[in-house]
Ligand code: PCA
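Given next, in structure tokens, is a single chain: the form predicted alone.
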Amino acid sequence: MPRLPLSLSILLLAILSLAAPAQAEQRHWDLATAYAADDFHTRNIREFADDVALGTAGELLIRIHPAERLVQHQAIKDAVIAETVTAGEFLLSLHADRNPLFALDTLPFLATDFTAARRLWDASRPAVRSALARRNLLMLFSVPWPPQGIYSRRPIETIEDLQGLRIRVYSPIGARFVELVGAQPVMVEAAGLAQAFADERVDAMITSATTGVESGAWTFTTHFTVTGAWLPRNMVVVNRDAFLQLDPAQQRAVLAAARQAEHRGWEYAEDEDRRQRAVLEASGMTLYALPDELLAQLEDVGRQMRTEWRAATGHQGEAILEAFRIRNENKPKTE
């Protein structure tokens, strides 16, 4: 077969390269989270990453880094702002000391079940989104933890039973609640709970059935009060500049996957609460409701904290609580 002249070969290669479809650039995002690889939040995030990969035809891949392997929980929000990592998940109320708005979902006895928590989130979503956007963060989705209860080594029947206890908390607003009931707050991340009890740094803890199971709470406590005190929320965010580097089709795919993740995550949370309470009981723990008198006393503490929150957030906080009140009054009769 005769060889083509060099000039003609170069021309043919140029024509073929122009005719071939351009290969899209593949992007990678690193997403940091504080929670274990098998936690329901992490499982939901992995499915979100799979949906993004599918929706972008593999042009955007999200690498999940669980269990604080990449960034400590407290630092995840700032790491995403600085784009040390592109995306991250963090507990919103963990940053209430910087912005009191972020304490809303952990105000005691304001929203005590999933239905009320969803109405509260609907009322506050625009304000939270705007607050995060001012720090160059795009909110992707938010998923709650199951209702919080008190783990202890003996029944909690009166407010006096709480006074003087060293109680593990995970946010500034939780610390304020513990102080108001006359106890001593101790900040401990979920991964360190068993050791904190073993070292006698804490006597009790406030957390969900999920964290109780993950930490093997029956090995260091005996009772779990099903208080429904609050349902804290995790936020999954991305650096806004990184998001804007995507083309419009990719952006739409990410936002569509985020909507699915939020819907799916709330379903996971409700199922998680039912399953993990059963695990606690099967592991020998006593689950019980708060006595009416103690519940009334703790609700009084919650009202005091809402007054403080209103003073800290001003008109914005008032508007959110009013929107929440209206949603409660207009709730369907089938709820």
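In this text the structure is predicted, and so the values were computed from the model without any measurement. Position 1 is the first residue in the sequence shown; the rest follow in order.
There is another form of the same protein, the form predicted together with pyroglutamic acid (PCA); it is not shown, and what comes next is about it.
So which of 172 to 180, 128 to 136, 207 to 215, 115 to 123 is the stretch with heavy atoms within 4.5 Å of pyroglutamic acid (PCA) in the predicted complex?
Only one stretch passes the 4.5 Å heavy-atom test: 207 to 215.
Answer yes or no: in the predicted complex, does pyroglutamic acid (PCA) come within 4.5 Å of a heavy atom in every one of 35, 168 and 232?
Verified in the predicted complex; spot residues all in contact, yes.
Does residue 111 make contact with pyroglutamic acid (PCA) in the predicted complex, using a 4.5 Å heavy atom cut-off?
Residue 111: no, not in contact with pyroglutamic acid (PCA) in the predicted complex.
Contact with pyroglutamic acid (PCA) in the predicted complex for residue 225, defined as at least one heavy atom pair within 4.5 Å: yes or no?
Because no heavy atom of residue 225 falls inside 4.5 Å of pyroglutamic acid (PCA) in the predicted complex, the answer is no.
According to a 4.5 angstroms non-hydrogen atom cut-off, is residue 145 in contact with pyroglutamic acid (PCA) in the predicted complex?
Result yes; residue 145 sits at the interface with pyroglutamic acid (PCA) in the predicted complex.
With the cut-off set at 4.5 Å between non-hydrogen atoms, does residue 236 touch pyroglutamic acid (PCA) in the predicted complex?
Contact check for residue 236: no, nothing within 4.5 Å of pyroglutamic acid (PCA) in the predicted complex.
Counting non-hydrogen atoms within 4.5 angstroms of pyroglutamic acid (PCA) in the predicted complex, say which of 156, 202, 140, 91 makes the cut.
The option sitting close enough to the partner is 91.
Going by heavy atom distances of 4.5 angstroms or less, which of 76, 190, 104, 261 would be at the interface with pyroglutamic acid (PCA) in the predicted complex?
It is 190 that has a heavy atom within 4.5 Å of the partner.
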